[in-house]
Structure formats: structure tokens, C-alpha cells
Ligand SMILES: Cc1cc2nc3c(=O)[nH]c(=O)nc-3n(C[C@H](O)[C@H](O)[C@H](O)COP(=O)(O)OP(=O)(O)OC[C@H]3O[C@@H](n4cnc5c(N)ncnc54)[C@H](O)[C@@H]3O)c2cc1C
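Presented as C-alpha cells, the chain that follows is alone, the form predicted alone.
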Amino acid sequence: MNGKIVVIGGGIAGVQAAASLADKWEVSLVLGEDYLPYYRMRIEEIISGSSPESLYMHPAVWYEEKGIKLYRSPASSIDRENHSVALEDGTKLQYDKLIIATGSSAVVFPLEGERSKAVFSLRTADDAIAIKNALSDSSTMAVIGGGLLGLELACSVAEHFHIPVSVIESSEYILPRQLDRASSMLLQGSLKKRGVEVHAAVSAVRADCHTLYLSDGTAVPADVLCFSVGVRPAVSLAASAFLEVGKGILVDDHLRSSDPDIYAIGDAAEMDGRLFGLALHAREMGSKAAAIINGDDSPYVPSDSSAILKVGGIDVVSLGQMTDDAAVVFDSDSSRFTVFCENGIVKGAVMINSKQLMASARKAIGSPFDAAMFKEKR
């Protein structure tokens, strides 16, 4: 073995790094939760009846076979001088190299008014269990935030609890980073048929008892109220160890922090002013950090962002870049395929219920636009 590595964080980035290093290093993985590492993007499934265990990335025996030691107590401090990590239960772990993959925490902002029920956020398995319990005797729900997690939560609750759900989105339409306006409006109409009402271009200002009041004066029924307005990189542990932080933990293009023996990856990392919130990048960064520690001297180059989603049973795909030049290949009541170009060259595409064209769209990016190549595959 080359030495000891401690990985703080049991998300996709942390698990990928630990697995990639376990054959050459003695690896300790600090989970900070009572559960084995699970797919956080699927936690709304717990609300609809799944167990946290059904979301596990791997069974316990997988970690045992790889020799990865698991610690469920959260990390409380990092002693850079003595190369050790202290856990809340008093355990101390020595390291030669440390990887911080602490992820992010849900953003919640204060609302005026008083409520008789708690306000929730959805970030952990325990959050999902708490929301599920609250919904057991509730007849309405409001979700503040029309991003992916908020929409998946809203659709799951509407489908499994058979109650009306409202989604509050401050942007002009839902999923503005992934979709163009027309595609978003098609998705919004499909969600309404599934019991999810979207209120766009408004903000939540006050919540009293069972009602949420919006900036345009609308009163939305909300026995249960959940925030899903984004995340904030978890940097407090790194900051307390006097590592350089901005919005995230600052790293160079080799994922090294201001301490050459400490790396940061996943949602917690900030590279060249950029934050990373996709599973794609988390997995890449976990593998790349391991490769660099094992001697790879090449920099980390993030893959182009893409989103392959299923929102309320509706396939949503967003590839490449959205530009002002949009070519609608086809449009119907339930599906839409839009290609975005720049000077006649395909830069990206958005697909609503037209996922079968994804391979063609990927191939077309960087080439001159030709609608015929897509129509043949409809």
C-alpha cells in the first residue's frame, strides 16, 4: 500500500474516488450519515414509499471486498499540520492524502408570517422521511423552486399521495438552465395534467398556517411547504482548516486545494470560478482525483454539461448549448425537438418526449444543421 487516504463525503464523487484508490491505498470513507452511500438524486422515491436501502450505490459487502473502511460519524475538524481528521464521535483518522467531497447543503430563506407546520428542504434521506411523515395527514403541498429536484418531488407527491401540488418558480419558466421557453411550457402543460400547478415569474413572500402567499398576490394552499431553490457548497469544514474558499473550496486544474495534500471534488469544489452540480462531473472528478494521486499529471477537463431527465414520467434531454438561433424540427401536444445553431452549426438540442433522437443530436453537435437526419429517426 502507498499510504493512507481519507475521503470525507459519501456521495458519488467520494465513493468514486475511494473505489478508484482502494487497490493501492488504505482508504477510509467518512459518510457522516447512518446510511450507506446512496443516490441523492433519487431521494424523492423515499417519499413515495421506497426504503433508503433501495437507493444504495453498493451493498456493505462491496466496500468490505475493496477494503474501504466506512465511518458513519461526521467529520468535525481537519488538523493539517498532523495530517489527521477528527470525527464527532472522537475517532481520529491519519492521512497522507485527504479528499474533501462534502457536497452541498440546501438553500432555505426566511419567509414572513407564521406556520403551524414545519418548513422542509430535501437534501438527505432523513429529510425525505420527515416529508413523508408530514404528508401522511396533509391535503396540499407547495414546493418553492422549479429545478429538477423540486419538480421530481412535486410529481412524486402528486402521483403517490393524490393531492394537488404547487411549484413556485422565480424565473420566467421551469428548468431555465436546461430548456428553452417553448419546451419548458410544453413540459409545464404536461405536469399540470399530472396534478402539478406551476406558478412562474413570482416569488414566495409569506407563509401562514396552511397557505403560501406569492409576490403577485396569489394564495397557494400549502399544508406542507418544501424549499428546493438550489444548493450551497459545504465549505465550513475546509474553511475551519484555513483552506482557501470562495463559493466552494478553491482548487487548481489538478483538483488540489491550497494545501497540496488535500483535494476537493464534486459539489464542494470550485475551479476557475465554476461550481459543479452534476453527477457526471462528480463521477469524473472522483476518478480524476484518484488518477492524479496515483501519478497522472494531466489536468481535469470537465465534460460538456448535458441533462437526461425524467420529470413526472416525461423524458427531458438537454445537450450542449442553447443559442438564439433555434430550429424546431417537430412539435406536437406531447413532444418537441429543438436544435440550436450558431452560424449554421449545431451547438445543442432540447428534447421533450423525443429521447430516441439523442444519439443523432449528439452526433450532430459541431456539424452543419440538416433537419432531414433527425426526421428519418422519428
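Source: prediction; values computed, not measured. Note that residue numbering begins at 1 and tracks the sequence as displayed.
The protein also exists as the form predicted in complex with the ligand; that form is not presented, and the subsequent description refers to it.
**Q** Mark Gly32 yes when one of its heavy atoms lies within 4.5 Å of a heavy atom of the ligand in the model of the complex, and no otherwise.
**A** Although the ligand is absent here, Gly32 would touch it in the model of the complex, with heavy atoms inside 4.5 Å.
**Q** In the model of the complex, is there a heavy atom of the ligand that lies within 4.5 Å of any heavy atom of Ala289, even though the partner is absent here?
**A** Result no; Ala289 lies far from the ligand in the model of the complex.
**Q** Does at least one non-hydrogen atom of Ala13 fall within 4.5 angstroms of the ligand in the model of the complex?
**A** Yes, contact at 4.5 Å.
**Q** How about Ile5: is it within 4.5 Å of the ligand in the model of the complex, going by heavy atoms?
**A** Residue-level check for Ile5: no, no contact with the ligand.
**Q** Quick check on this chain: which one of Val229, Ala158, Ala75, Ala204 has a heavy atom within 4.5 Å of the ligand in the model of the complex?
**A** Answer to the contact question: Ala75.
**Q** Identify, from the list Val224, Leu186, Leu149, Leu175, the residue with a heavy atom within 4.5 Å of the ligand in the model of the complex.
**A** Answer to the contact question: Leu149.
**Q** Where, among 194 to 202, 161 to 169, 96 to 104, 176 to 184, do residues come within 4.5 Å of the ligand in the model of the complex by heavy atom distance?
**A** Within 4.5 Å of the partner lies stretch 96 to 104.
**Q** Can you list, in sequence order, the residues from 235 to 251 that come within 4.5 Å of the ligand in the model of the complex, counting heavy atoms only?
**A** Contacts from 235 to 251: just Leu237.
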